[in-house]
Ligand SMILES: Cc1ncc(COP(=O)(O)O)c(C=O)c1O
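Okay, here we've got a single chain as structure tokens, the form predicted on its own, with questions on binding and movement later.
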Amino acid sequence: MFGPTRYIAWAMQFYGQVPYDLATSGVPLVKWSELGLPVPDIDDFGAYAALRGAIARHNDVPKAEVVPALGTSQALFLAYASVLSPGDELLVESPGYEPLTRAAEGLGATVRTFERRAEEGYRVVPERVAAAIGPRTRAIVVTSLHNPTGARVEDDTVRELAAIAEARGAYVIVDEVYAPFDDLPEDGVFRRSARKIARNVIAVSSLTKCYGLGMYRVGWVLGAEEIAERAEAAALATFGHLPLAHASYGSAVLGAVGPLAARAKALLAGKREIAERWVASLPNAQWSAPRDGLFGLVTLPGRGDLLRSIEARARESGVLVGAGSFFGAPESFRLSWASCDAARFAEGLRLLEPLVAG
């Protein structure tokens, strides 16, 4: 049975209702009219092949390793369905993004966790993962950039995880929806997919977070051919073919990734530095200090669960941050600089200070 994803349900209570949204974790949505693209032919059955080919080109991988999906969430489900059976175990990072757990539980898997610790910069420590792996572990799951801290999982670390997993006949699944943020590709090609690191690495991603195309739900699974075949079988068994219109629009928007990368860079410019200065000015706060991306994790040691205080700030001052309670970090909040311009972001931080002061 699929349990409720509490964070999404909680966030949707406030989405569009607060003037200072410092919680939303994706680049602001772009309208079709802003893309400068012709409206695609939604009756063209060639769109299915075009979408697969466009995803392959974007990620610099063979078409045989691509399975299109409705956003990263469905891609994650298909990746899990391709490797998990009831009773299998999954190793997931903590703190972590709740859907990583819920999707696996819904497929009958047991979820165990390994820590990404603040004092270690929230990096993944392969030795800790190796110590947590068990005889029924079928996959190790990480996000890069890490949600909620923004820390990157380096290629060498993924390579070590892949070797640990291979010794057990298991896989590494990398949610890399935020990964392009270190060098958004203005030529439209993301060349650093973790999929290319080792044969037993599966990558899931989409255009939702980096490019402002969240409502188009253009996602994918990247895996070795046998994984792609299993993911395709899971897709056909659960929802059949993707809508033809989705394939038509998806293949079209993948052609606009280059300009959308430039747009994202412009929208984010300078705001991480504002966040860093703000956290440094606070006597009782720590943060994950991400190098890239559009969010970081701010921690208030000794304050206990901040959820009710965060809700009070949203009601009283109209400023919302992502409650760390839903990520397994109750003394923390995820701070995003995606939605507001620089001046509004700075003003939102000012209004947030009573939360930090207690």
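This is a predicted model, so every value here is computed, not measured. Sequential numbering from 1, following the sequence displayed.
Keep in mind the form predicted together with the named molecule is missing from the figure; the text below concerns it.
Annotation: in the predicted complex, residues S25, Y97 and Y178 each come within 4.5 Å of the named molecule through at least one heavy atom. At the 4.5 Å threshold, heavy atoms of T208 reach the named molecule in the predicted complex. The shortest heavy atom separation between P126 and the named molecule in the predicted complex exceeds 4.5 Å. Taking non-hydrogen atoms only, T72 approaches the named molecule to within 4.5 angstroms in the predicted complex. The named molecule in the predicted complex comes within 4.5 Å of a heavy atom belonging to T143. For the options R152, R230, R217, R272, the one in contact with the named molecule in the predicted complex, meaning a heavy atom within 4.5 Å, is R217. The partner is not drawn, yet in the predicted complex one stretch among 257-265, 238-246, 280-288, 143-151 has residues with heavy atoms inside 4.5 Å of the named molecule: 143-151.
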